[in-house]
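Below are two forms of the same protein chain, given as structure tokens: structure 1, then structure 2.
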Structure 1
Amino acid sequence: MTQGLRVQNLTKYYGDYKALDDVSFAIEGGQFVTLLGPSGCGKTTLLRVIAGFLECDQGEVYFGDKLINDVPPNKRDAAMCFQSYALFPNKNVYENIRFGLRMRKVPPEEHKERVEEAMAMVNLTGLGERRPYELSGGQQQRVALARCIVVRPQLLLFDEPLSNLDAKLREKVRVEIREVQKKLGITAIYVTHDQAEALAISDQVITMSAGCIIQNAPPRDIYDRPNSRFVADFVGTANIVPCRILERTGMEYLVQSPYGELRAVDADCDLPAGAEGYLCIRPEDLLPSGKGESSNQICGAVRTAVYMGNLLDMFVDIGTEQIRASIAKDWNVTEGEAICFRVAPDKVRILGG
């Protein structure tokens, strides 16, 4: 049975700089969890502490019920897929994949079957004799993945493995990685700064900033129910403006903002009437409507409207503020035209500072 991972109160310094600040979380066995955040937030440091490449200054790392702080990397039953692939240029695909088996002293008679099995899982069958320089970037990444899974680890670690690939290939390979992980049932931790990547492949997303965990939740909650201004702004696109709560009845709110008075239904907000916070609306939740035709309207004048193929991306002036809307591509609008949007109260988020 695949084991889970637990980290408790991890802190890591580089000199006087605190890279990890009392980080704690748990991962269930077989889950695919992404560490998401901007450069310098501590996600790669955290991954390397889990892998055993770095020592923490305080805290514990458990795999299953076993404390592994003092266990060397090659004894942690984990495999890491690096950003640079780290392939041996003088070895062919077969030998690159086989390398981990040799290091772990797996009996030689098992090598051929296990390497071929790993190659088949990542669509590399028939390419065993090729050298890395004869492969595309996507194929090189598959070799790196095969080298990890051939040793049958309990924990699979990814350090921004797709950052060297173009956008379309990234989408294809990330799906393949997720499919392999699901098939094997391996617990996986994946580091990225790409929000779309994190939302697309994860069971759970851990959003980090300045060495701390800001939110740990399923992808849908990270996007639809951000717990802070930082998460709302970092994950996807959001219209975020200051607001003041005029009235509150249970989870229903009336707020004043630069977009006017709006009603919100937000079960996660705990701010009282009179408090100040931030109002958050996703561009795709703004729906065009005639002025006065519906409640919860936001009206302004079109500044720009850009055809994006699958949608129309608009910026609308509302007084001294702007709001961004993503609407159906067949709408015809012109710059300077008056336009109104309706937004459902349950699509209006109220966030603390």
Structure 2
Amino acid sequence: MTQGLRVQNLTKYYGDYKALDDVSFAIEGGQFVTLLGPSGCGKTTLLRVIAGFLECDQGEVYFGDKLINDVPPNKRDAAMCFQSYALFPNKNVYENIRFGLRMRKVPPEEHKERVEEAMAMVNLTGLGERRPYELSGGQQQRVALARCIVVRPQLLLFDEPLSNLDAKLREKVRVEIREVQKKLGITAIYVTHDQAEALAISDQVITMSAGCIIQNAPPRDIYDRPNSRFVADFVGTANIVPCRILERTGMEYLVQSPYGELRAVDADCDLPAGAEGYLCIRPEDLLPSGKGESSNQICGAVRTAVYMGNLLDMFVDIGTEQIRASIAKDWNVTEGEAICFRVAPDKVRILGG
């Protein structure tokens, strides 16, 4: 098992612009961690600081227990897959991928086998002789991926390595990345915009916004127990409306919201009775039920309903607000029809700001 990674209080300025704002987290050796966040929130900047291309203005980076702030990038045992691919234009695919092996003094007789293995993993077999400019965008991206995986470093940094691949290939390569990473016990940080991918692949998801870490938790917690409006909204879809807490006993709440009075059970919330907050319900947690058949109901009129194949996606007018619900595909609803949903209290989440 390889060493873990720890960063502490990282701050990075570009001129006056604060691209990283007091970022701290720790990754155990062999863990696969995803960085998730909107465009421009500082993901690439963070990877560049970890890889050593950028010096941070404050803070420390540790590989294992070793402080590596002053170690030059070519001496850090980390390999990065660049968002811009950054292939060497004058080298062919084979030489691009082999570069890291040569630099790391891997015995030459191993090169061929390892390069070919990496090429097969990303479906590039047979393209070894091509130059980067003779490849499609997706193929270039796969070369970039193979080039960093082939060196089997302590730490792998992926900056949106699959963004240019079609859905099928994306899934295949994603699974293979994960397998290799597990087999070799490499610690990995993986940047993606795709939250489904983030949830599917990682041990831990770090959500970022504007240079700050908002939540750092396992995928299940990120989705089911978001700690803020931002995370709830950014990861998956969620119905989020303002609410006021009427009563609170322990972790049971009664809240007033545009969706009506609802009961909620939320262990993470620390808002007192009388406080304002936000209420968050996932579309798939809304279950159709006859009016008055159960407690904790939300009722309205169907505005639109779209058959998505695997489910029925609909927007329902509730007073002036709307709620989005994803229900089983066998339901038949017509637009304008009155409909009621029930929602389990522990699926209603109450969030501060």
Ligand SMILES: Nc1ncnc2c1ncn2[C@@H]1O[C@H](COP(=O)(O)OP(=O)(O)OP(=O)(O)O)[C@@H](O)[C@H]1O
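These numbers come from a predicted model, not from an experiment. All residue numbers here follow the sequence of structure 1, with the first residue given the number 1. So that the term is clear: the rigid core is the largest set of C-alpha atoms that superpose within 1.5 Å between two forms.
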### Task
Only one of the two shown forms is the form predicted in complex with this ligand, so please name it by number.
2
### Query
Considering the turn of one rigid part against another between the two structures, what in Ser228, Arg104, Arg152, Glu252 is at the hinge?
Arg152
### Task
Give me the angle, in whole degrees, that the smaller rigid part turns through against the larger one between the two structures.
20
### Query
In Å, how large is the CA movement of Tyr85 between the two structures relative to the superposed rigid core?
3.7
### Task
Superpose on the rigid core and then read off how far the CA of Tyr133 has moved between the two structures, in Å.
7.3
